[in-house]
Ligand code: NAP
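So this first bit is one chain, no partners, the form predicted on its own, shown in structure tokens.
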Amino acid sequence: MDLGIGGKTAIVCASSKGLGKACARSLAREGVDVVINSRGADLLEATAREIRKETGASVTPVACDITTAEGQAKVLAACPRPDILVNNAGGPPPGDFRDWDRGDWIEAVTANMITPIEMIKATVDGMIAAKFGRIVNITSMSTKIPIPVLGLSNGARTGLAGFVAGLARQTAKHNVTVNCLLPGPFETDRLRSSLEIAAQNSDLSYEEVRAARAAENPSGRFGDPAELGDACAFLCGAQMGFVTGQHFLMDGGFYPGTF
């Protein structure tokens, strides 16, 4: 299926690895010129070379902290008027809310709510003028299924979901859509780290903990980042102009509800 976005431009935040990298790769396969970003320059450059070699697309790496005004300015200088914006950020650490201070909350909200809003603010009017725009926010299944130890993520990402709900209805008439992808357990460094911690706190090996967690999911496995990347590209397709303000849960069926 031709998604009709060849020749478009995209900014994909936090995309040197994991889910962000998968989104950038899937968009590049569709002929989109992508600007990728992360703090670490070496891994980011390696990712850019890999995606270029695989897809032949233009891939521009911008090493910076996207949660800062300076970082946002660097990314926007590389792509001032993107057709596509994929907001993504690493999740805040788990823990007990009693142990978090004001600084912890400000850091979480800045990364997972305020930064995406700032990037949308900087790009949405250009999309409206062009009569085409696709904004996809990679959030978390925690906005649908609050996870007790991920209170920082629950709060910050749900705040972004509320903002998106209002904005998406304002921009739809201009063919600018705003949607969210809610990943569950995907094969990422964050998942592997949580499994390692669980193994350390139990009498089980990492392999045993991993197998048990995978078996808890109705799919019997963890998600492949490529699956989410392709879903992101599909949401960015020309055919998806009538879909906005939605929150697409990708969790292998873990959420047990009807809606």
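Residues carry their position along the shown sequence, with the first being 1. Predicted model, so just to flag it, every value in this text is computed and none were measured.
The same protein also exists as the form predicted together with the ligand; that form is not shown, yet it is the one meant from here on.
This chain is displayed without the ligand, yet in the predicted bound form the stretch 179-187 from 121-129, 100-108, 160-168, 179-187 comes within 4.5 Å of it by heavy atoms.
When the ligand is considered in the predicted bound form, residue 65 lines it closely, a heavy atom lying within 4.5 Å.
Although the partner is absent here, residue 76 lies well away from the ligand in the predicted bound form, with no heavy atom inside 4.5 Å. In the predicted bound form, the ligand sits beyond 4.5 Å of every heavy atom of residue 95. With a 4.5 Å cutoff on heavy atoms, residue 137 does not count as touching the ligand in the predicted bound form; it lies far away.
In the predicted bound form, the residues of 83-118 lying within 4.5 Å of the ligand by at least one heavy atom are, in order, 88, 89, 90, 91, 112.
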